[in-house]
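Next up: just one chain, as structure tokens, the form predicted on its own.
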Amino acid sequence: MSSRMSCLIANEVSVIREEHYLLKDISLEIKPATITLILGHNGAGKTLLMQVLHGLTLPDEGVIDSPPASRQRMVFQKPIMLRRTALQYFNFVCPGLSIPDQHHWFDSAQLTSRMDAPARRLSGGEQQKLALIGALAAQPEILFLDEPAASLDVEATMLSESLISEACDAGTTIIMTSHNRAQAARLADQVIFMDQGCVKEQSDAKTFFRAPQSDAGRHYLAFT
């Protein structure tokens, strides 16, 4: 372990269903105020790993040491929108902000004109941005993001990446999945590469994209 304090440590974590390992013997360490990309093919276990690290799913084996759940947030690929306006949804997930702060966050996501619109009638991309600013405004220690740009166009993707980078610079630890290799290369400080429920590599991003150490990692980069 390095001398720098860790924000999250997982030690030999496994998830088992009907005697089948969905996650197996996962050990990892994530430093505070960094951006970690969990990469791998569909079915590799990326989303499940985030759910376990966040505490939504309990591991059958192993231990996770992380900040309390109240200091974490997770944004799903398809956020669940309540029967409220966009502003009411925002205030529900992040209560207590002043009106200027509310307007600041909506302006940052280019959603000011949609504040009074029903949250469920927003486009998929608008819903993703609304969920993102609701999580960011809470200033969590750890923010989990599952494919945060899946429904966004190029401009909105760049905007979201800027918000994510700013949050990291302000001290939030970001753990996210992405199928967008270019996005991963732009954002990641480190990469966790998964294959068939196992972590095959954990390294700094430059090392992974330049010279992955596993056969699975090399195959992944060759076809993405």
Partner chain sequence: MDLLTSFHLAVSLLFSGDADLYEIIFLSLRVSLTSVSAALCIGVPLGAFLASIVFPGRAAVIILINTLLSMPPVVIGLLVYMLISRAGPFGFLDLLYSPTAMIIAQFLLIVPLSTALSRQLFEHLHHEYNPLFSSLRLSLWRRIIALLVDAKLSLVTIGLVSFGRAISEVGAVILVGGNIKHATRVMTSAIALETSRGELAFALALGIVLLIIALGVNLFSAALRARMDKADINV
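Numbering follows the first chain given and starts at 1. Since the model is a prediction, treat every value here as computed from it, not as a measurement.
We do not show the form predicted together with its partner chain, though everything after this point is about it.
Review point. So which of Val93, Met115, Leu97, Ala150 reaches within 4.5 angstroms of its partner chain in the predicted complex, heavy atom to heavy atom?
Key: Contact check passes for Val93.
Review point. Taking heavy atoms only, is Leu56 within 4.5 angstroms of its partner chain in the predicted complex?
Key: Output for Leu56 is yes: heavy atoms within 4.5 Å of its partner chain.
Check your understanding: Taking heavy atoms and a 4.5 Å cut-off, does Met74 contact its partner chain in the predicted complex?
Key -> Answer yes; at least one heavy atom of Met74 falls within 4.5 Å of its partner chain in the predicted complex.
Exercise for review: Please run the contact check for Val154 against its partner chain in the predicted complex: heavy atoms, 4.5 angstroms, yes or no?
Suggested key: No, Val154 stays farther than 4.5 Å from its partner chain in the predicted complex.
Exercise for review: With heavy atoms only and a cut-off of 4.5 Å, decide whether Ala69 touches its partner chain in the predicted complex.
Suggested key: Yes - in the predicted complex, heavy atoms of Ala69 and its partner chain come within 4.5 Å of each other.
Check your understanding: Which of the residues spanning 108 to 132 lie within 4.5 Å of its partner chain in the predicted complex, based on heavy atoms?
Key -> Those in contact are Pro118, Arg120, Arg121.
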